[in-house]
Ligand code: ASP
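Just one chain follows, in the form predicted alone, and it is written as structure tokens.
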Amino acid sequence: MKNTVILISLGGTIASLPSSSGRAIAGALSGKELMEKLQIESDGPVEVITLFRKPSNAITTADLLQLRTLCIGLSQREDVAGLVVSQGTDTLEDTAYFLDTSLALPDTAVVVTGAQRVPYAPGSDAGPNLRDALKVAGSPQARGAGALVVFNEEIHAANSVRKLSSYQLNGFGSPGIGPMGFVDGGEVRLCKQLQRSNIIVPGEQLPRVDILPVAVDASPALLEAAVASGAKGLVIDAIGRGHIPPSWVEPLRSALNAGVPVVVTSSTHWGRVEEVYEYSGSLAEQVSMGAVKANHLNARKARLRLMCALSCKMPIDQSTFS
């Protein structure tokens, strides 16, 4: 019977204790200690694994690969209905999207959650978020829906969710799309699902891919330095519909000619990149040189997908980001 949910604790604000300075020590609590401190009760059996005890800024790509392997192993148990990953919120959307892009798991729910406030703070969201995540992970509706982020009583798809506030309890949202569903007390309601991209099975290591932010009259020196120092791929966090300064065009051409794949995203919160303009630095010009559009992904997610594709020597073309 599929009724067991497994909490995989990675650390973060949700698992914090206070230091002598009064600041929080993220990841000080193990998963078991976190469950006990928050007095979490669940509708079914819950098992706890403490994989890491880290602040989320310290999570590495090797950690993500280790987490993926653990998820695959646990999902093969006949009694496991779902997995909950708890971690810090700074890179929560990265972890969720990596799991979404690299795991199929058609019969297992995958839920990622965290907290904006430490568990010992008044009005902390640690307990409510973790309880809701366990409910969603145990729900048949969530199985095969891809990685989900449960936060502030909302259920978000990993490929659309963004951290929108550095401190408020409604810290996550899906700009332009909205939540996939809600948790209302004991009720879990998934109202819709987003179309997922093809799963990419990553190799043993994720190669280095750099993100290059675009701004008014930004220098192409970062682009040139990234290639010269060994980046295996580039993601351009472009402006508007996917544009770069004219001064970037020739360095970009050189990078592409050198065999470095380039993916273009929009730095806006919502909207696809699209070839609707024709001028120096336009997306149309970049695509004509061989750059690839990440139509619906932000830069951090496009980076993870490109890393996965490069790690398994997959051809990098527009179909990779469809």
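All residue numbers are counted from 1 along the displayed sequence. From a predicted model like this one, the values you see are computed outputs, not experimental measurements.
There is another form of the same protein, the form predicted together with the ligand; it is not shown, and what comes next is about it.
Taking the partner from elsewhere, no residue among T4, G82 and S139 has a non-hydrogen atom within 4.5 angstroms of the ligand in the model of the complex.
Note on contacts: among L34, V273, L297, A26, the single residue with a heavy atom within 4.5 Å of the ligand in the model of the complex is A26. D90 is the sole member of D237, E153, D90, D210 with a non-hydrogen atom lying within 4.5 angstroms of the ligand in the model of the complex. For the ligand in the model of the complex, the listed stretch (50-58, 289-297, 260-268, 273-281) containing residues with heavy atoms inside 4.5 Å is 50-58. Residue contact with the ligand in the model of the complex: S9 places no heavy atom within 4.5 Å of it. The ligand in the model of the complex comes within 4.5 Å of a heavy atom belonging to Q116.
Shown here without the ligand, the chain has no residue in 197-226 lying with a heavy atom within 4.5 Å of that partner in the model of the complex.
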